[in-house]
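Only one chain is given next, in structure tokens, and it is the form predicted alone.
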Amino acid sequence: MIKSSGKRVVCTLLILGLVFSSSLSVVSQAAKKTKLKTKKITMTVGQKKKIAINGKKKKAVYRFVSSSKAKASVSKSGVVTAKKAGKVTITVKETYKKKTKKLGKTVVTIKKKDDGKKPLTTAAPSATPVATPVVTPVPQTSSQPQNTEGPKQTEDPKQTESPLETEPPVSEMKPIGPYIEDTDSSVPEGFDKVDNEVAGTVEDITYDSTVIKEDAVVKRKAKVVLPKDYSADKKYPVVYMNHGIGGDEKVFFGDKVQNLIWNAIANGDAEEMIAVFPSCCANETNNQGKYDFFSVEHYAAYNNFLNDLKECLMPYINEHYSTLTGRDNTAVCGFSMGGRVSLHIGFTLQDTFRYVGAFCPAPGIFEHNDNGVHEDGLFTSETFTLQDKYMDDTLVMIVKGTNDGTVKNFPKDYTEALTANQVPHLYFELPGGHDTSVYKPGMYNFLRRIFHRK
């Protein structure tokens, strides 16, 4: 009995020891918090330094955001490149287990290369000082593929930032950040009702397209939605809104989307704007029976709308209407196949579009097999991203219906790829299916976040 009791005591002590050791390990791990180590950096133009973080978590994603990329850019790994003299703040964020928190800020002070140094000239003090040479930045052109006759995009749409690249001119628009951080997806009661008191006008247009048929001009139609009291003496931003597969320029008009736009303006939620309802199936027959409904050939006509929009429709709109131009004043969005079209356009023509909305977007952004159709995909999960200079200056919104059995999980695949690529964006799952119950609230929320000036 004594021996048995002794064994029990020994076993108990061993178990307690293991538990205590494990507890210490847990406490030790819990005590090890992630902290921003580098709080201040002093650099000279052209120099590179890395921001250090203590206690990094293995599966966490760390993001570095510069307050002025013109003065200092920062890579995904936290390497800061000094470009111009001045002060910059780098905000550091950690995303872990779907939760994002700020770790803090690093203040970067950048000095000119000759700061604190004596002049190398032997001239007398009264002599004219030697000017510091100015390097003219090399203009950066888009590396995005422009030929979209087939569904596959073979080039990486993300550009590598040139060391000599400067930021675009300072924007007059409000920063995108607060609109992405706004996760409210509600809409006011009667947001899409017909209200003649706030209504503007809708005009039918016909424009020439030179990208449909080789060596030929094809007449194409669109509807232009003008705000109330539209005046040629005032200039307006423009949003291009793309319908789903099998539709044309009349679909959104029939769904009263124009009233949704006018109500958003009247409610003070959206800025005055011009909206264009095009036919985004860019083939000769404008969707009417040229190809099998679900086929690579049919889908390719939607891919070709990128060319039609850029080369033909947008120039027509800017010539015939009083528009504000440039990416700050240009948006694209759409439903279903139109959502896919909008993502294709927005992520390919990043120099042109600052706002991109996709409501229940169809498959095809990535390689897929759906409805008996296989496509290689317009992007890969790695190339579906933004250029560094637009990473924090583009509003991207993706919306999915909780009961959408048509596009299934494809919208979620898109948002997960953007998250993996650290692209700031909004993703909403709204109650409803593949219909107006989802895409109309999505549109209203998109419109209330775009075109806001300081």
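When you see a residue number, it is the position in the sequence shown, counting from 1. A quick note: this is a predicted structure, and the numbers were derived from the prediction, not measured.
Just so it is clear, the following notes concern the form predicted together with a small molecule, a form of the same protein that is not shown.
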All of Phe294, Tyr299 and Arg340 within 4.5 Å of the small molecule in the predicted bound form, heavy atom check: yes
Candidate stretches 204 to 212, 238 to 246, 68 to 76, 261 to 269 - the one whose heavy atoms come within 4.5 Å of the small molecule in the predicted bound form: 238 to 246
Exercise: Thr406 in contact with the small molecule in the predicted bound form, heavy atom 4.5 Å: yes
Heavy atom of Glu94 within 4.5 Å of the small molecule in the predicted bound form: no
4.5 angstroms heavy atom contact with the small molecule in the predicted bound form for Asp182: no
Contact flag, His434 vs the small molecule in the predicted bound form, heavy atom cut 4.5 Å: yes
Residue (of Leu313, Val257, Leu378, Ala362) lying close to the small molecule in the predicted bound form, criterion heavy atoms within 4.5 Å: Ala362
Among the candidates Thr348, Thr330, Ser336, Thr106, the residue which, in the predicted bound form, approaches the small molecule to within 4.5 Å (heavy atoms): Ser336
